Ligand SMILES: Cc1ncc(COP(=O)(O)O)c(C=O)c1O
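Next up is one chain by itself, shown in structure tokens, the form predicted alone.
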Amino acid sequence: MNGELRDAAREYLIRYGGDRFEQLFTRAIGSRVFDDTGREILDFTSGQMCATLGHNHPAIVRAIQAAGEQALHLFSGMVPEVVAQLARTLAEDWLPAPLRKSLLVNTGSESNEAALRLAKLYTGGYEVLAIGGSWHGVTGGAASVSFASDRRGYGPPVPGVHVIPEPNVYRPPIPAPTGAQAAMACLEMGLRQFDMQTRGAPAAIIVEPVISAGGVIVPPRCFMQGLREAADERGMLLIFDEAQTAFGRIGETFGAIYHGVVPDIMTLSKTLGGGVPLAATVTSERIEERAHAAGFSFYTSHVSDPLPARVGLAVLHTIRSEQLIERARCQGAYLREQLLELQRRHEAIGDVRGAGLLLGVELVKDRHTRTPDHELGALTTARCFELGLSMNIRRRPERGAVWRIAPPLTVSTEEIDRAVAMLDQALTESVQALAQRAR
């Protein structure tokens, strides 16, 4: 049966890009997934960075069962009680003021589309500033402001998009004496170019508090504060895409809290649904009121659906009851220290960076030149999977070879130790294999 279904996957599924494994997968629990041979694999990407409570957390399973007994889906104009409950919980217990109004949808792409539409209606403009290395989704507007990859071959993007070089302090696009100065030089250059090119219709600046797909780049706080000032000076709304940074992943409730900067609009997705498709666009009463008066519409088949909302409530309750934000902070510090120890023993590790349990490890050919080692990255990632560890690696020529490491917030110390041991072994063996090839 395994062979038949693998053949069916090859024959009947459209290939959609990214890493794809030969085997199929049968089940998942906690930090582990199992393939069709019964092999156990440590999942240090939390699925697609979504299963922050671990796979199939009992609270999520109970929420899905409860939804199955009450309501899975309703007409979009019928707001379920559980949707109102989730919106109130977000506003009263989680979101920084003045963010209080939520639109509940399914994916990060949708939440960013809604955020951009809100900003354009509110300001009357259409021009958007985004950050190099960013990833905001695959739909029209979201794809137009994404610069991590996959921009070629799809025709012209939504007009009015401008880019600021990413504030990569390890490999700065504009060198400077310090990382903060390099980041601010990127901001100044991007703003200067925008001011020269603007058609006089500014709408928004959109940014991830940690630029994950671009190589786990943590912008300096001064850069984020500079974005806030730049948006205010130009009459633009500041949008934080907190798909990966919200609800504890980085050891804080939000990237906004981590950086000390509150945006005008915040988008939430991966970490809110815990593996179930749930996303939100949140903003202030003032912005919602003006956008509504201007005719804001984002009416989809699954807006305000009850099943994902019930799961979202379970996720938020579990994060608090199991103290997962503090756990992410502590386990993230432990994991970082283990990775730094690997760096001390492996010359190929040029940089270890990130926040909480969203960490990046950059592989280089030479620490002085910081030349990325894409071949070593690919070889080591494959070897890790053979040993039983799944990680994601970004292999962009312009942005380095960076492992993205993001285990569930429930990850144990023993699982971290096992993962680091596999990393150590894979890196050692891969370096040796490349040395033998070179002889």
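Just so it is clear, the model here is predicted, and its values are computed rather than measured. Sequential numbering from 1, following the sequence displayed.
There is also a form predicted together with the ligand; it is not shown, and the following applies to it.
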query: Proximity of Glu166 to the ligand in the predicted complex, heavy atoms at 4.5 Å; finding: no
query: Heavy atom of Trp135 within 4.5 Å of the ligand in the predicted complex; finding: yes
query: Close approach of Lys270 to the ligand in the predicted complex, 4.5 Å, heavy atom; finding: yes
query: 4.5 angstroms heavy atom contact with the ligand in the predicted complex for Gly312; finding: no
query: Gly274, Pro308, Gly108, Pro263 - the one with a heavy atom within 4.5 Å of the ligand in the predicted complex; finding: Gly108
query: Single option in Ala348, Ala243, Val82, Met224 placed near the ligand in the predicted complex, where near means a heavy atom within 4.5 Å; finding: Ala243
query: Which of 82-90, 123-131, 109-117, 197-205 lines the interface with the ligand in the predicted complex (heavy atom within 4.5 Å); finding: 109-117
